[in-house]
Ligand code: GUN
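This document opens with one chain alone, in structure tokens, the form predicted on its own.
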């Protein structure tokens, strides 16, 4: 039997339809339009592409996107001043700083300056700390997107053995924390593997759900996955491909052809976790607007 495709495209479309209706109700009931400030410093092509995608997604569901675009020589002091203004602006419910930032700007200092109640990326230490102890907070978008992709695709998490490959602050650590919480849609037993793990396959073959966020193509091959496992591939890597006009193609961290023959379900790259990341950013922005205006 062919593996079920965990389509982030499909789940994201479903969630965005729900959000569009929610935003319309929020505006009709209380006159509130969720506002997201998007800050871009420099002309990094990938960052420009990401910001454009986020602005289109905001328009799709009715969120007001407020762009702030600067040359690469912007000073750290100027950026911190802007963040202070956005923190104080009641019409702005979320602040997104597109990373990476130019060398003269300390990313940690900038992220710390964001009001945690407007940290819709979920990267502020206050939100990460609340996540760790199971309190209500903004969850980081990609890990939260992985959870929603599984749940909305009919994959149960509670009581399962989840193995995470990768320990980054952006994906590996937070997704492990989200899924082991004693909460609905979680309550899993979680194992984390990384570059210091000897015989990684010993652990990955035990997974009911295998989440791979290593940042390297073919980190997980078919021999490392047990029959019937659910595999979520978070990686996005460019590999040369002379047959493509661009000269490259996107692949994940998993050998898709080999692993899909053994898995019961698998997420593709592209079209898997990627669409969920922006969707969860929209979700957090709407939550922030509702909380700020105490709207149900």
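Residue numbers count along the first chain shown, from 1. As the structure is a computational prediction, the values presented were derived from the model and not from experiment.
FYI, the form predicted together with guanine (GUN) isn't displayed, but the following is about it.
Although the partner is absent here, residue 68 sits far enough away that none of its heavy atoms falls within 4.5 Å of guanine (GUN) in the predicted complex.
Though the partner is left out of this view, residue 123 does reach within 4.5 Å of guanine (GUN) in the predicted complex, counting heavy atoms only. When guanine (GUN) is considered in the predicted complex, residue 99 lines it closely, a heavy atom lying within 4.5 Å. Among residues of the shown chain, residue 170 is one whose heavy atoms approach guanine (GUN) to within 4.5 Å in the predicted complex. Listed stretches are 115 to 123, 71 to 79, 153 to 161, 128 to 136; the contact stretch with guanine (GUN) in the predicted complex is 115 to 123, by a heavy atom cutoff of 4.5 Å.
Contact annotation for 51 to 80: a single residue, 54, has a non-hydrogen atom within 4.5 angstroms of guanine (GUN) in the predicted complex.
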